[in-house]
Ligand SMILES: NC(=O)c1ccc[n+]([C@@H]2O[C@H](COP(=O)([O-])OP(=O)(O)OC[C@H]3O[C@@H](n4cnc5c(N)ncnc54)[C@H](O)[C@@H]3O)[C@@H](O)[C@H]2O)c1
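Okay, so here's just one chain, in structure tokens, the form predicted alone.
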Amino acid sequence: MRLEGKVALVTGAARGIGRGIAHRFAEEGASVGIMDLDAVACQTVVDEITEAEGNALEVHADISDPTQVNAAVAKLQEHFGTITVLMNNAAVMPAGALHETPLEDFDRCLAVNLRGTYLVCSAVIPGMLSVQNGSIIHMASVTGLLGLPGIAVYSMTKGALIALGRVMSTDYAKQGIRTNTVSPGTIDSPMLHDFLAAQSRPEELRQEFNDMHPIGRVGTIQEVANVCLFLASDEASFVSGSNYEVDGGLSSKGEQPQD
């Protein structure tokens, strides 16, 4: 029960990695707010967690909308208390080189991946400051470190989150708030499935993703969730400003799938 007594908010928690993290946090004793755009999907995750004897609350919101974000954060804190763990996981991933990315996809990617992170942090941090305690985790990606082809705008936002994690760790360290970043490699998740479905040769590309990781396979949602759990817990009390590359050695190898 490494998160017993803590209140956690997980964005993008209705499916995939976010859903896995929400379950993991609840398993370890946290009361978890499930934030996503889809209220029905959020409630499904809440039902899964409560059925397993955990605590969770649906707080759906479009994280690019400050009014919705502020209302959702207020609802969670009124129900469970001050949020002391924030997992910024919500993201969208448009495919394409820069000139191939439509302006509306560019704008939506920045609105969710960066503006959303800004809005949720801005709503949650005052509570953390009031109790002089908190752990903020940004979900970045090895695409923010490596030049992987075909996801230019997504990669740009993930690189920005890595930089944001570092500067936030210095801004808030003396107030008891730690900030870290997790950068997964390729993870077997709905986002990967959606990306592959949009490609001309999905099965070949899937095998290339397996092969490019020195460990010989893509990662699992549980493997990412375990690292996030560590960073959220008091076991990571001296860890701040770090970027954890959960990528099976990919970023060390520095290779990428070929066109």
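All figures in this text were calculated on a predicted structure; none of them were measured in a lab. Numbering starts at 1 and follows the sequence shown.
FYI, the form predicted together with this ligand isn't displayed, but the following is about it.
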Practice task
Decide yes or no: are 18, 36 and 158 jointly within 4.5 Å of this ligand in the predicted bound form, with each residue judged by its heavy atoms?
Solution key: yes
Exercise for the section: Would you check, heavy atoms only and a 4.5 Å threshold, whether residue 84 touches this ligand in the predicted bound form? Expected result: no
Practice task
Would you please decide whether residue 189 lies within 4.5 angstroms of this ligand in the predicted bound form, comparing each non-hydrogen atom pair?
Solution key: yes
Problem - this ligand contact in the predicted bound form: residue 134, any heavy atom under 4.5 Å - result: no
Problem - Heavy atom of residue 108 within 4.5 Å of this ligand in the predicted bound form - result: yes
Fill in the blank from the handout: For this ligand in the predicted bound form, the stretch among 76-84, 97-105, 134-142, 169-177 with residues bearing a heavy atom within 4.5 Å is 134-142
Problem - Candidate from 123, 152, 146, 92 lying within 4.5 Å of this ligand in the predicted bound form - any heavy atom - result: 92
Fill in the blank from the handout: Heavy atom within 4.5 Å of this ligand in the predicted bound form, from candidates 128, 112, 119, 164, belongs to 112
